[in-house]
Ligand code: AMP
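Next up is one chain by itself, shown in structure tokens, the form predicted alone.
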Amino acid sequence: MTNSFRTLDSADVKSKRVLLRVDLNVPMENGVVSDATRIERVAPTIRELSDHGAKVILLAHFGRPKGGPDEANSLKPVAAAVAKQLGRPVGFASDCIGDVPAKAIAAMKDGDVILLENTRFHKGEEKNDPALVEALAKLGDLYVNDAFSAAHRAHASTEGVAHKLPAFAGRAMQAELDALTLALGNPLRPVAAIVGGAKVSSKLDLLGNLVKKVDILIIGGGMANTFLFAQGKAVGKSLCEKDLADTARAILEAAKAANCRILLPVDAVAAKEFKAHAPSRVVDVDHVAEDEMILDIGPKSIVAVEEALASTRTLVWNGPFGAFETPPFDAATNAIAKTAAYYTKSGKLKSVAGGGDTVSALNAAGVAHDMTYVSTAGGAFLEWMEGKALPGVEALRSK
């Protein structure tokens, strides 16, 4: 499928100025990068371009600066973290357009790497302003996008420049597109989707798209309570969007029409208060007391999900089953994550997971490395699963 996107396999980069859009919006503590996952993801693309003699010019945004440069949102400290990851020097330019980067780029030798200052210091970035696009494009000969996590936004550095220069997908972008194609583009069937998390309202488009694409839709987390309520079950004090009961029923009907089986919890772990190690009990979903809240799915429900996974060939996962940050309400998510990992490792299952909470839950269960692919992109991953076209991706399609 990635053959419909231009990749680095068809790019001649030697001695060329390559504008490489990366996601360096990394967490910082006391001026030091505290989690380098995003840097690790793009390092192979930077190395490959540098090794092939490109002048690698990194474009990135950081934080949400309010109208202009401010020290708190400068990318300068991130340059050191990128250099450490690459094991080679990384220069820094204090602006991303104009004379400052132009001079610095003119002094680069083949293989050099430089990071330009935060693209969002210019108001035109988020507006995809043609003047900013023009100014950025002037600095390069080729454009490579390796920031899938920012590809759902049509900004100057994620989409605009791709129309001005020969544009290619970087290796991390390519891996993401391959994984998503594997999951929903042309998957091995049967396909299961796990959709969890707190709210139905934030995932309506997702559920609507998935019932048409998957064979079995497994609903967990707080959103399952809304479906249980829509079926006339009492959910006590559980998190539940009661005003969306009609919507939940419509999704159940749409699933039936599309021949998609929906799997909802049959039992639950309920407690009177939401805190770590609060006294809890396992209860059938028909018997939740008025003063209780559902905080995880129960053992019978876990078995039902594991049985469904046993006959599944492709799994897409977005969202946990329970309040997984708070033990013991992490039990179902952990158990099911380990089962998915087991089937993946044994070659029976292709598993693609994404979204911030999902990544945290898989890391907590110790199985993130065992899945076929884990996407670190939140919004972009969700919009792809919703069936939306992502501007930053569309701009890389082979013309």
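Heads up: residue numbers just count along the shown sequence, starting at 1. Computed from a prediction, not measured in an experiment: that's the story for all the values here.
Here the subject shifts to the form predicted in complex with the ligand, a form of this protein not shown in this document.
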Candidate stretches 94-102, 115-123, 195-203, 151-159, one within 4.5 Å of the ligand in the predicted complex by heavy atom: 195-203
Among the candidates 140, 298, 222, 187, the residue which, in the predicted complex, approaches the ligand to within 4.5 Å (heavy atoms): 222
Listed residue (218, 294, 210, 169) with a non-hydrogen atom within 4.5 angstroms of the ligand in the predicted complex: 294
The ligand contact in the predicted complex: residue 48, any heavy atom under 4.5 Å: no
In the predicted complex, residue 325 touching the ligand (heavy atom, 4.5 Å): yes
Distance check, residue 239 to the ligand in the predicted complex, heavy atom within 4.5 Å: yes
Non-hydrogen atom contact residue 265 with the ligand in the predicted complex at 4.5 angstroms: no
Within 8-40, the residues that have a heavy atom no more than 4.5 Å from the ligand in the predicted complex: none
